[in-house]
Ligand SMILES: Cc1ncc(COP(=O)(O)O)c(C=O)c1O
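Coming up is one lone chain in structure tokens, specifically the form predicted on its own.
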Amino acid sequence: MRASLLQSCGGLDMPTSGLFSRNLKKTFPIAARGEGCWIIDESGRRYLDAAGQAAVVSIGHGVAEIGQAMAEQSAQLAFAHTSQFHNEPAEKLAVRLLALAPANFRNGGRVYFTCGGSEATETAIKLVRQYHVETGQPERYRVISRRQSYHGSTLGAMSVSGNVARRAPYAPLIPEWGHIAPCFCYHCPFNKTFPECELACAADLETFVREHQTETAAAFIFEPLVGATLGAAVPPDGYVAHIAETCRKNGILLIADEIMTGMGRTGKPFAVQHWGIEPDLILVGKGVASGYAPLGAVLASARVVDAIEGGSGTFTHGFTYQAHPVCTTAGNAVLDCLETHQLFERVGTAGKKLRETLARVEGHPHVGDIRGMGLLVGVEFVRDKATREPFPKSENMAERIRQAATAEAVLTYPTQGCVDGHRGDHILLAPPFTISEQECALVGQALVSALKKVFPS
């Protein structure tokens, strides 16, 4: 493949890749095709995709029906700009997503389609601002979030993200609207223990609102399970209801960032449904098209839609490729697959099998915590299990374990910084919903082997 690239440049001595990659000092294998839970590179080597490629792939790789549906739509209508037309695939998918959402979205809610999760966050920030302007509260602009959160890579999305490492290079460009304590029982920021803590992390939102001009607070955005940054950290009982009530009492819109947790990843269409709350906005991405097309969305509740519709009627915002016919066709085809093969229902069983096989490493002296819901599972590695002391950042432990697992042909999703933004190593496991019991066992075997290689004594 690389040789052919050189030949196409006339034999000139040129770089082997023209791509501006995520790391210009690394060489990446060329992915050639996917089959079910597996990715095959150009040499024919097979990798079990236990990460779902950053928690994206839900229905598995290589499902021919998705590509066929996209090709048929492309032949019929590839693009029509939303300033002049709507299209049938987008209309259809919007109705279907609203039907899966909590009750406050089903009568009068609407869906704003984007090309991915970061665009969805950007859209939500602007929609929140316009909601308050339309309802006569132009002083409200702050979108509050949590430290150790991640909501996207664009500047607006970074402003509400609390991921220290990702924010740092761009700090002069990012406004600070306010961050409260993370909800992370394994490394509680208050050094307390549930339930004696009385949900101090949830009360921190009340404290922030009280101390930082309630009248400027526009929204609170949160991940129901904190995905990449904290490794599938699950909130304790009562937390989600507590923050929802705080928002309601103070006129603050509640945004559920379900870009990673939505579309069945935790065992329900949306993770907030585990706690029975009704946010004002829900963000989706990743699994909404299972990686077959770039697609994201903001689900707006009837309350938000009514404010815009009853006011100016115009949302001052837009993307060229929003509600793209081919991308929303992919979303419909993926949802067809999820429903036809009852994959939403399968997540609970598959998640249980995955957790069972991870029991093989739970007792390891450097495995501190295994957490998550459904098929979103984090494994955290610690220097000292008794004190939960993390490894120094310089040891790059999560990446070393990823490399060792990859040598066993199993792909994981590593991240550093879960403890304080710098220290703290974990891997995230988020395989396709189709993962088999045998494939779950392979994940456990690979981690056993990886831990032996990284910690030989």
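Bear in mind the structure is a predicted one, so any value in this text is a computation, not a measurement. Just count from 1 along the sequence shown to find any residue number.
Keep in mind that the form predicted together with the named molecule is missing from the display, and what follows is about it.
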property	result
Listed residue (Arg142, His324, Lys286, Arg146) with a non-hydrogen atom within 4.5 angstroms of the named molecule in the model of the complex	Lys286
Option touching the named molecule, based on a heavy atom within 4.5 Å in the model of the complex, out of Tyr150, Phe270, Phe184, Phe105	Tyr150
Contact label in the model of the complex: Gly117 to the named molecule, heavy atom within 4.5 Å	yes
Exercise: Met260 in contact with the named molecule in the model of the complex, heavy atom 4.5 Å	yes
Candidate stretches 350 to 358, 150 to 158, 84 to 92, 122 to 130, one within 4.5 Å of the named molecule in the model of the complex by heavy atom	150 to 158
